[in-house]
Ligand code: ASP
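Next up: a single chain in structure tokens, the form predicted on its own.
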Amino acid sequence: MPKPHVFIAYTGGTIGMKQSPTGYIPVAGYLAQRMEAMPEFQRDEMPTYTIHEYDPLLDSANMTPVEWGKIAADVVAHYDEYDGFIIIHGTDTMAYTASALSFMLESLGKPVILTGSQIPLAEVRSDARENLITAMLLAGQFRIPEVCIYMNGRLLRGNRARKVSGMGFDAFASPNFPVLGQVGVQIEVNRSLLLPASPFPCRLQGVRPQIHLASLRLFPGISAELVRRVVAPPLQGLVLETYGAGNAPSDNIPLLDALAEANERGVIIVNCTQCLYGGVEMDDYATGHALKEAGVISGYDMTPEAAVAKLYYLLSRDWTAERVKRLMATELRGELTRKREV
């Protein structure tokens, strides 16, 4: 059997940075040099790899839907040549990119695994070595037809992941869905949780960067005027981060009116909870039902990152607002806990 071959899309991030007098900086070609010099990446049990380094290398804070499109296009362009794909990415917006790729890569049948690190690979005490080695093994040797994040011994569904720590190695969690795999002495993948592999060729459904979206987190005392300004044209979609099980101030009639008027104009308003665990149930409390009456739709237990990415994906299609609303509330890639509608 030939050795597995993985495609590594190196977009940037801490993992490949080099120390400089002013701190860590990205340096073209440095990650490839480090990997070539480290014998563990050349061992027989490791897959062969090809690195495609992006120019310029990006801090993930500079990622936009344009870069999502480039990454997705690279996967599709090389899909038949490789057994799996690694996306090396900064951790700050990794959950957004993983969510976006899960929707944009339609009919996926191979692993696409995002990884990165909190400390560069060149440092002695770094999480980069294990993250990259295991991600390569997962991409090359396991049939995982999903977009995932691998960090610190855990394989997570990409559109269920959230960054929960800026300092610890355990930077990501999957609050409302079990981990897909645990890595200890053995690599254990829970195949019963994986999405089914598609029998069709993988294809790219791009997103339009010019889609106008916003994300708004409610807080006590938020003014109706602020909300009205946020939902004003040309806004097309809003992720509204609410309290608890999807609640908002039901006695703030001007605020609810602003949301209702935006809904009438065709703005898609998705209700996601501010809580790390649990989801939205707008019929449980009057404060949630008021949002439902204003035309706000439930995001169930979707992460805000997945909701933003899904809005980009759906609003990039020439579909009616009603169809977009229906699909936002329908599980498409395992991003929410709700049975698929027939």
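A residue's number is simply how far along the shown sequence it sits, counting from 1. Nothing here was measured: the structure is a model prediction, and the numbers come from that model. In this text, the rigid core denotes the largest set of C-alpha atoms whose superposition between the two forms falls within 1.5 Å.
Only in words, not in the display: the form predicted in complex with the ligand, which the text now covers.
Among 176, 236, 252, 118, the residue placing a heavy atom within 4.5 Å of the ligand in the model of the complex is 118. The contact with the ligand in the model of the complex, taken as any heavy atom within 4.5 Å, belongs to 91 out of 91, 102, 242, 131. Mapping the unseen interface onto this chain, residue 287 falls outside it, with no heavy atom inside 4.5 Å of the ligand in the model of the complex. For residue 53, no non-hydrogen atom is located within 4.5 Å of the ligand in the model of the complex, even though that partner is not displayed. At the 4.5 Å threshold, heavy atoms of residue 17 reach the ligand in the model of the complex. Interface residue remark: residue 67 is not counted as part of the site for the ligand in the model of the complex, having no heavy atom within 4.5 Å.
The chain is drawn here without the ligand; in the model of the complex, the stretch among 308 to 316, 59 to 67, 39 to 47, 277 to 285 whose residues come within 4.5 Å of it by any heavy atom is 59 to 67. After superposition on the rigid core, the Cα atom of residue 24 is displaced by 2 Å or more between the shown form and the other one.
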